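So this first bit is one chain, no partners, the form predicted on its own, shown in structure tokens.
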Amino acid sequence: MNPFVPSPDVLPIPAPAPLFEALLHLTFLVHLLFMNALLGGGVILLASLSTRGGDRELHETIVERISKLLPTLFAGTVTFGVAPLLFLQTLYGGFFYTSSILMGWPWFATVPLLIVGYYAAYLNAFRGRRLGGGRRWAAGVAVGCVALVGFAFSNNTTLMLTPEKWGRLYFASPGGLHLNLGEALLWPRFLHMALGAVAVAGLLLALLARRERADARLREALVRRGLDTFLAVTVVNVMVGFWYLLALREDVRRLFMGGSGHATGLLGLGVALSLVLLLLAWRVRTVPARSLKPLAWATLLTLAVMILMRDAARAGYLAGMANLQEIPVRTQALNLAIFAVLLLGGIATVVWMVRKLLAAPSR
């Protein structure tokens, strides 16, 4: 037993651990959708700002539409990131808190980074044209801050999986300045997330472009640009995904290679869905009149499978140290009922807000 792993919290949780696991996956999926649109949309925005030549009208349309969406996506990403973070702390608090302490200052830095990035996104959205060449800097700061926050989270969530490092890191330097840069899992995990965000944002661009009614040529160009981005980045991300698999600790990797029916099935489903995504995107790319809904639903299913794969990997890394069944439970029925009502009300409100946002006329 690792002496640096804190004992489970003696305070009971108000519901069985599987319920919190399900809520962790559900809320993280919602957060992931907003985060992908934010980070990936920012990358597409920077690419359009940096592109010279070509269809100038297309680039300007992409810049304006993504710029107006970024502040809303920023708010959604932060808001919907709170719930999965709380559920993660509830289930894996001893691991997550310890890794957060080891990288204390970089972890604290996520708050000012979010504030600076938020202001930069607003500056680009509402003063972008007046900034001239400075618009690229404002957009770059917003995207850079989001990427750095994501990198900090990747450091934390990989460091929490390796308790064997904690004692060595702390006694080498207890000042809270540790990142997990030497971890083989860190870089493919972060790149897999970042590239997936760009692909999802490309699909979102194509979906939003279908709302363009006044200019059919512009609509087709936007859809084509979004699908081209989705296809190219997804091909690269499939290769990064295999790098991610090879970077897993050997015993954990064996779980996905036949050692566990659950983990192996998820890997097989993930690979199959990746091929389906490429096929569906290519079909729409070659026949623009086809519906994007099958591709959108397949992408959502792929994100859900990836979340479950991350959970299976986490369980493999923490096997023998984190047993969720041992967490004491004292069911609080009234509080759970209130939570359920508020959760359903919150979901309904978010769906209404998104529908209103999508129904707003493009500017």
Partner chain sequence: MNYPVWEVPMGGGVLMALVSVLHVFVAHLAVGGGLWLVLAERAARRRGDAALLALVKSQSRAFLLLTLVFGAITGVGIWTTAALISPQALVALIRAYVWGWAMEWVFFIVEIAAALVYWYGWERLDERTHRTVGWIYFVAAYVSLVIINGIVTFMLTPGGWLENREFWTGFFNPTYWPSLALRSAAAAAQAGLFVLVTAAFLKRGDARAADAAAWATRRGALWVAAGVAAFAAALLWYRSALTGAIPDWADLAAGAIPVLPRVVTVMWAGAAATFLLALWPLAAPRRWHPAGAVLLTASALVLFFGGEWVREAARKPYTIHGYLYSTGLRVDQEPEIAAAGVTAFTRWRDPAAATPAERGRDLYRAWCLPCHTHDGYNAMRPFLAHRTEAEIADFLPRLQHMRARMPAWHGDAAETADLAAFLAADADRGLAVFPADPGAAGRLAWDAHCGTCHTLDDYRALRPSLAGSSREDLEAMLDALPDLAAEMPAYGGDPVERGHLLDFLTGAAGADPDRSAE
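Quick caveat, the model's predicted, so the values are computed rather than measured. Positions refer to the first chain, counted from 1. Between two forms, the rigid core is the largest collection of C-alphas that superpose within 1.5 Å.
This next part talks about the form predicted together with its partner chain, which is not shown.
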Using a 4.5 Å heavy atom cut-off, which residue among Val238, Leu114, Val141, Ala152 comes into contact with its partner chain in the predicted bound form?
Leu114
Contacting member of Thr157, Thr162, Asn180, Thr72, with respect to its partner chain in the predicted bound form [4.5 Å, heavy atom]:
Thr72
Evaluate Trp137 for contact with its partner chain in the predicted bound form, applying a 4.5 angstroms cut-off between non-hydrogen atoms, and reply yes or no.
no
Does Leu186 reach its partner chain in the predicted bound form if we count a contact as any heavy atom within 4.5 Å?
no
4.5 Å heavy atom contact, Lys293 to its partner chain in the predicted bound form:
no
Is Ala83 close enough to its partner chain in the predicted bound form to count, meaning some heavy atom within 4.5 Å?
yes
Tell me which of 190-198, 163-171, 275-283, 227-235 has residues with heavy atoms within 4.5 angstroms of its partner chain in the predicted bound form?
163-171
Who in 126-161 is close to its partner chain in the predicted bound form, meaning a heavy atom within 4.5 Å?
Phe126, Arg127
If we fit on the core, is the Cα of Gly346 displaced 2 Å or more between the shown form and the other one?
yes
